[in-house]
Each structure stands twice: as structure tokens, then as C-alpha cells.
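Before any questions on how it binds or moves, here is one chain, the form predicted alone, in C-alpha cells.
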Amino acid sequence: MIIIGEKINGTIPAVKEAIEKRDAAFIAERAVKQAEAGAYFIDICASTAPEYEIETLKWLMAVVQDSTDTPLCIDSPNPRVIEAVFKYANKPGMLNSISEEGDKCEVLLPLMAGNSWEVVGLTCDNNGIPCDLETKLAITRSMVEKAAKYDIIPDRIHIDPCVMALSTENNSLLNFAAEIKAIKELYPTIHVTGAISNISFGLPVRPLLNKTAMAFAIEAGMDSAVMDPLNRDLMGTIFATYALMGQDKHCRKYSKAFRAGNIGSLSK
């Protein structure tokens, strides 16, 4: 599972305060802990007023890159903000994100030509997030075809089918699983990602729903996730699911994660 650590985001109150105070130690600690817990990328999202976003992202990038070697996932709803800060990354990472909304593909995909940067692709367009599978597949095809013009192959793309909340869509997980399988059938080497915790929005005991949904999503073929790598229950579910699916030879990764203290109950 390719884990994109989600804990440096200005929508989180403690992170927002740290950004306002320019508390580098707080941000650095969050980055290091996520990297140590198994994050492949550290997502950084300023979530500030537009006039401060570029400056804030540059600061976050500098702090995180000074504290860990884990690649960045540069996150903004504005592709021109990502374009402006792109040159401050000291190694290839991930761009979050493109879609068929506006000119996101046209702005961001050229940045990925001739290097190994990866990208998240959301299955939405100028009409919002579609509800039907065929439209999501059509958006996926369009993004992959546009990426190919810059020699960006599918295994550098992480498609996010945009899982819906179970509280508003009773078949949310069933639809998400069908979307994962269909995308993987279309492009076997592409990655499928998502913020699985969105599925439990508005419902009680959210962790129970999240870890159960994670197991179903992995079985369907999801191999990337925007999540908190410090969530021991969710991480444990990931290792256990791969072991139970026969994709962890002799349960070595599961056992190693336990020995490292990354899964299971904490000793008291």
C-alpha cells in the first residue's frame, strides 16, 4: 500500500495554528512521525487564504524537506499554486491533483515531463463528481491520454474515484469497489487511491467503518491511500488484509510491522 500521509493540512486546527505561528518544530515532528510510520509521501496542504498560499506552501516544503527524506505530495486546489512552488521541491514526489476540471491537466502535466513525479487524478470535471461508473471511467481515460502526451505512463498516476459518504449513498462502498476494479481492468498498472475515511462522514464509530472499508477496498484493488499512517488500527487492517489475501509471503510484512511496534495494541 502506497501511503500518502495526510496530517500536514491547514484544515486541521492544530496545523492551522502552527502555520500561523510558523511553528517549524511542530510541522517537522508531524512529518518525521508519518515517515517513520510508513508514509511513502508527505502531503502538504496550506489551506490558507489564496494570497498567502504560495508563501505558506514554500515554508511548509522547506520545513518538511529539512526534517525527512520522504518525498512531498504538493497539495492545492489551485494548479497555478502548485506550478509556482514546484521548483522548490528537492526531489521528485507527487502532485495533488489533476482532474477534468478547468485547466488542471494543462498546467500540471507538463511539469511531469522528463522526470519521475507522480500525480493524483480525481474523477471529476466541471460538472462536479459524477455518480455513474461510465463517466468516471471516461474522465480517467481522458486524463491518462493527456498524460501520455508527456510520456507519463499509467504507473505514475494515482486515480481517486472520490468515495462518497455512506450516510448519503447507501451503496457507496459497493460503488467504490466497482470503480476500483473497472479502473484496474482498464489500466492494470495504474494506482487507485482515495481518502477512505470520507466514507464514514456523519456516522458514529467512524474508525470501525473506516478500517472495514479499507479491507474491502484493498480486496477490490486499491493500492494507494491518503490517510494517517499513525492510525494503528488502520495500519493493522492494511497489513492483515494483505496477509489474509495471500499477498504477504509467510506473513513477513505483517510480522515485521508487529515487531517494529507499528501495529497491535500499545503496551501499557
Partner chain sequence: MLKIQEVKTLVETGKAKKIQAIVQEALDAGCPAQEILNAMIDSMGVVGDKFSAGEIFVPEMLIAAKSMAKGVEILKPVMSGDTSSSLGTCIIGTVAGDLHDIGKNLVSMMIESAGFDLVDLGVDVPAQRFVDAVNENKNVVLVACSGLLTTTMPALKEAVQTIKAALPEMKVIVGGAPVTPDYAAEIGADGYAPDAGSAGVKAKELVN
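Residue numbers count along the first chain shown, from 1. Given the structure is predicted, the values throughout are model-derived calculations rather than measurements.
Beyond what is shown, the protein has a form predicted in complex with its partner chain; the following relates to that form.
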Quiz item: With the cut-off set at 4.5 Å between non-hydrogen atoms, does residue 43 touch its partner chain in the model of the complex?
Solution: no
Practice problem: Evaluate residue 52 for contact with its partner chain in the model of the complex, applying a 4.5 angstroms cut-off between non-hydrogen atoms, and reply yes or no. | Solution: no
Self-check item: 4.5 Å heavy atom contact, residue 77 to its partner chain in the model of the complex
Solution: yes
Quiz item: Can any non-hydrogen atom of residue 101 be found within 4.5 angstroms of its partner chain in the model of the complex?
Solution: yes
Exercise. May I ask whether 138, 172 and 219 all come within 4.5 angstroms of its partner chain in the model of the complex, judged by heavy atoms?
Key: no
Quiz item: Of 186-194, 153-161, 173-181, 119-127, which is the one stretch near its partner chain in the model of the complex, taking non-hydrogen atoms within 4.5 angstroms as near?
Solution: 119-127
Quiz item: Only one of 231, 212, 47, 68 has a non-hydrogen atom within 4.5 angstroms of its partner chain in the model of the complex; which is it?
Solution: 47
Quiz item: So which bits of 176-204 sit within 4.5 Å of its partner chain in the model of the complex, heavy atoms only?
Solution: 201, 202, 203, 204
